[in-house]
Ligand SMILES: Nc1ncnc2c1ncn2[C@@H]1O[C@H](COP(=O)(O)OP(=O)(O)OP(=O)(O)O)[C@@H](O)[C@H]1O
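Heads up, the chain below is alone and in the form predicted on its own; it's given as structure tokens.
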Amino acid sequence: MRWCFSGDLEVSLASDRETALACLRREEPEVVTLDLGLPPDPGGATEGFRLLEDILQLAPMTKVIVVTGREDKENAVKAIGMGASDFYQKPLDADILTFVVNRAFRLAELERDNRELALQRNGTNIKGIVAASPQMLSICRTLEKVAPTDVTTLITGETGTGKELLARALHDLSHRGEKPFAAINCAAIPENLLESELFGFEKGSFTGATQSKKGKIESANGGTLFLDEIGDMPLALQAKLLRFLQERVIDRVGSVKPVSVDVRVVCATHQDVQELIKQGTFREDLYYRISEITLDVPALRDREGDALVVAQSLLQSLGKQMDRPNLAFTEDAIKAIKGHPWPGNVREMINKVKRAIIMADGKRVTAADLQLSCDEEGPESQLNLRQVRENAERAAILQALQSCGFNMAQASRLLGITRPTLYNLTDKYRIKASPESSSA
């Protein structure tokens, strides 16, 4: 089989499961051809299927081509069902084998390009949300699962983290996307007006009510109602909202006839609702009604690497809006963005970037344009790729030795390296090949 491939391909051979796994870790191949008949069961397929499971677990992006006998179609079907990308039947035909392997390489390339395109979209398909951090991408994945349902959702997080954008995304990605999206800020409307704004009123129900008016809840019928800063809702109104969530009917102010409403409710607050419950300013039963699903949005400072990603996206989009395209950050601006704690989150960043676009001379935006200080001793200046790599290597070697009872042969196979290489690394990092090193 090795002779079938041209010289531009690197080919590694393995004759059993352990050798194959070591080679997989060491070489990280894009394509693997796997004969199911491996020792100690060369006449069967049990060892081959075990190795297939291991490969798919350790390197899920690797394309596995299963090699089977002419009479082993059932095994080929089973292997494809487990996750193999293709199969090849013996006897050997160089042209067909080359075609199958090249097709697997092409598939791996297409999937890699697709992943890169997804990263260029900042890892999320949610309109208005720019994210690359694991924390925010996890929120987005959860949102995509929740959106098609009608569960009442509570979004918590600091001011300026994008809670309303997430609420709109819940609406846009749901089956209600073509219906109304009604938003109301419970903290911005006086207490005596909030009830009529939410539930509406009948003509003559109070002085100045010259005609009947639908409230926000009724106007969102069929769509989504977004209650922003629900933590500031008065206690008396919380009881009426709770009844609506339970019965899905509303009573307009001054009316005796209930109105049925079909809406999906999304709430948001920057406050700690559990603390409000302890203080007696928020009903516990209402909390459980509005938090069937809770999305806790992290602050920008807690989103690993997102500050720079968001800043660059804002520089591009706002620069086009303000007729100053093709701007870029200088090195000191990048350091300042990474080092700033961003207490105002994305809202503060929008403010800073807008000012910088106006103040920048030429095509480069500096830290001074952003009104940020550049601390040369900030955390980004302490990064050292070689040191990070060495720390990770040392930790992996210690873990492998401990899990193998400090057996050097087993540890080297587990790490996918040769035993002499492992001895060299233990000498380099001054790791004693004995249990005493576990406390180091």
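Quick caveat, the model's predicted, so the values are computed rather than measured. The first residue of the shown sequence is 1; numbering continues from there.
One more form of this protein exists, namely the form predicted together with this ligand; it is left out here, but the text below deals with it.
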item	value
Listed range touching this ligand, judged in the model of the complex by heavy atoms within 4.5 Å, from 237 to 245, 319 to 327, 288 to 296, 221 to 229	221 to 229
Sole residue of Glu195, Asp72, Asp332, Glu158 within 4.5 Å of this ligand in the model of the complex, by heavy atom	Glu158
Partner-contacting position among Lys203, Arg347, Arg141, His175 - heavy atom within 4.5 Å of this ligand in the model of the complex	Arg347
Contact of Glu164 with this ligand in the model of the complex (heavy atom, 4.5 Å)	yes
In the model of the complex, Val100 touching this ligand (heavy atom, 4.5 Å)	no
Interface membership of Pro134, this ligand in the model of the complex, 4.5 Å heavy atom rule	no
Contact label in the model of the complex: Pro180 to this ligand, heavy atom within 4.5 Å	no
